[in-house]
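Coming up is one lone chain in structure tokens, specifically the form predicted alone.
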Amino acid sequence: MPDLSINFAGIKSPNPFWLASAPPTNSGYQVMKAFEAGWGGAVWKTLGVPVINVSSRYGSVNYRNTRMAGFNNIELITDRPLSDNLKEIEEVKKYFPDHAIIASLMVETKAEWEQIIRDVENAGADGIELNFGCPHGMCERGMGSAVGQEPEVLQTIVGWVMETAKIPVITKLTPNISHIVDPGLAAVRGGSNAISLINTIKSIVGIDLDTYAPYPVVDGKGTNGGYCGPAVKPIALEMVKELAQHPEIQSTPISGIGGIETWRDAVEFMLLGASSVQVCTAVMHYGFGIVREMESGLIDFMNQKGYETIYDFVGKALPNVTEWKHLNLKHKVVAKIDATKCIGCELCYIACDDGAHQAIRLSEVGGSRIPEIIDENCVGCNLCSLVCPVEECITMEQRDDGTEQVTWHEKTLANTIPTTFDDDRAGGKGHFVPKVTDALKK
């Protein structure tokens, strides 16, 4: 049986599945219920001077039959008194001493940081997470992403915290920045024990076509909110990778956040360097019970691969993530269609002809139009297999023998890259393109 327990920068947890600081961790009742369901840790909803929230607070992007493919919120930090939250942290720790409770904090002055750190330590919190990511409401007051977007300010505040804190400190970063490494380095240089990312992305998810106000609508008005959910996962994975590959940051533990809903999502974050994961939107959509599938799926994956702990595979994908210039230009794949699985939707033909490289023809077979790959035209772009609604109907076949390895970087050094607008060395020189007039309807 694999061991799922982790020691994240000194914070111990029975498994790597944590709740992110958000509405699901707004009370001791919720955190206790989550631990009972199987979650290993929880980052308490951000504590600070209580706020007044608005109604309504949430919006979403629904994609076809998928509800909440993207989720937007304009809710702020806790609106409950600090004393209530501290009492509940203390009570939950009595029932679940081996589970991780991390106190998310957001205040302004050095004196406020010092005081609230002592408060949460006395309540029994196992760690602290500094919320430098909130992109709405709090940033307008000089907190949240207003700090996360200013590396020098971030480093200064982390330094303040490290002077006082006796428990591990995690710095939560905002994705609303051009280069995530800058605040990551500031956190490490400030002394942070760990990093978590990503917080929500500044966004407007839509406009009400009757009131002309952004969603969620508050008395005829709206504002930007924080975007999360499955739609942000690719952005989060990229940013986690950026930090995990950086030589000055790579030894700092990373907690991955952003669109995690299944065990596979969690594993992907771990393969790119995260050693704990935090979940919010999926719980708001499906409830605390999703952790059971996440845990069983992770165990199955580890059993299949022969891993005993998650540390056996954390970061294992990083050596395979490189810059474009180091990819092999001699690698060749061509699409292959299994006609026995084809349902005749013609999506592959339409996508290829209109959106790619005109490498599929439709042939009449028994009164039906069956798509066929034109091998000499196929560049192996993979679009047809992505749009095909039938699994394994379209696959990509390797055509090179794997013996040649040439990269753009190597060609640049050898001075064999295209250097003029009509260079014969261009990759698409002589590639088949239909005559312009072939586009006209006959």
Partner chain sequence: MAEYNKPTTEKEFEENFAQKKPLMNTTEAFYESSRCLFCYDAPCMNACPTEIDVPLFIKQINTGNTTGAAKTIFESNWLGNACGKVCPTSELCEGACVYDGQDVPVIQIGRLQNFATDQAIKSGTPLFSPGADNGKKVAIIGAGPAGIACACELRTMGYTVDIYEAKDKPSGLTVYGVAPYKITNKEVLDEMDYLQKQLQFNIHYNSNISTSEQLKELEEKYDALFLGVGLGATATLNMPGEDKTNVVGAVEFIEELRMKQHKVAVPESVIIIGGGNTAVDAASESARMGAENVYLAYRRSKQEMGAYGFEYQLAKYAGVKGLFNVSPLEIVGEEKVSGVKFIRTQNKDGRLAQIEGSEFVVACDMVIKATGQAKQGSFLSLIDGLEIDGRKRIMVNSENHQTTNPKYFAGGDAVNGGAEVVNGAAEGKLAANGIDLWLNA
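Residue numbers count along the first chain shown, from 1. Please read all numbers here as calculations on a predicted model, not as lab measurements.
Unshown form predicted together with its partner chain; subsequent notes refer to it.
- Task: Heavy atoms, 4.5 Å, its partner chain in the predicted bound form: which of 373 to 381, 28 to 36, 58 to 66, 407 to 415 makes the cut? Say which one.
- Result: Heavy-atom contact with the partner occurs in 58 to 66.
- Message: So, Gly402 and its partner chain: in the predicted bound form, are they within 4.5 Å at any heavy atom pair?
- Response: Contact check for Gly402: no, nothing within 4.5 Å of its partner chain in the predicted bound form.
- Message: Would you classify Lys94 as touching its partner chain in the predicted bound form, given a 4.5 Å non-hydrogen atom cut-off?
- Response: Although its partner chain is absent here, Lys94 would stay clear of it in the predicted bound form, with no heavy atoms inside 4.5 Å.
- Query: Does at least one non-hydrogen atom of His179 fall within 4.5 angstroms of its partner chain in the predicted bound form?
  - Reply: Heavy-atom contact with its partner chain at 4.5 Å: absent for His179.
- Query: in the predicted bound form, does Trp113 have a heavy atom within 4.5 Å of its partner chain?
  - Reply: Contact with its partner chain, no.
- Query: Which of these residues, Glu238, Asp84, Glu346, Glu121, gets a heavy atom within 4.5 Å of its partner chain in the predicted bound form?
  - Reply: After the contact test, the surviving option is Glu346.
- Task: Name the residue from Leu362, Leu329, Leu318, Met284 that puts a heavy atom within 4.5 Å of its partner chain in the predicted bound form.
- Result: Here the answer is residue option Leu362.
- Query: If you look in the predicted bound form, which residues in 373 to 396 sit within 4.5 Å of its partner chain (heavy atoms)?
  - Reply: If the 4.5 Å heavy-atom criterion is applied to its partner chain in the predicted bound form, 373 to 396 yields Pro389, Val390.
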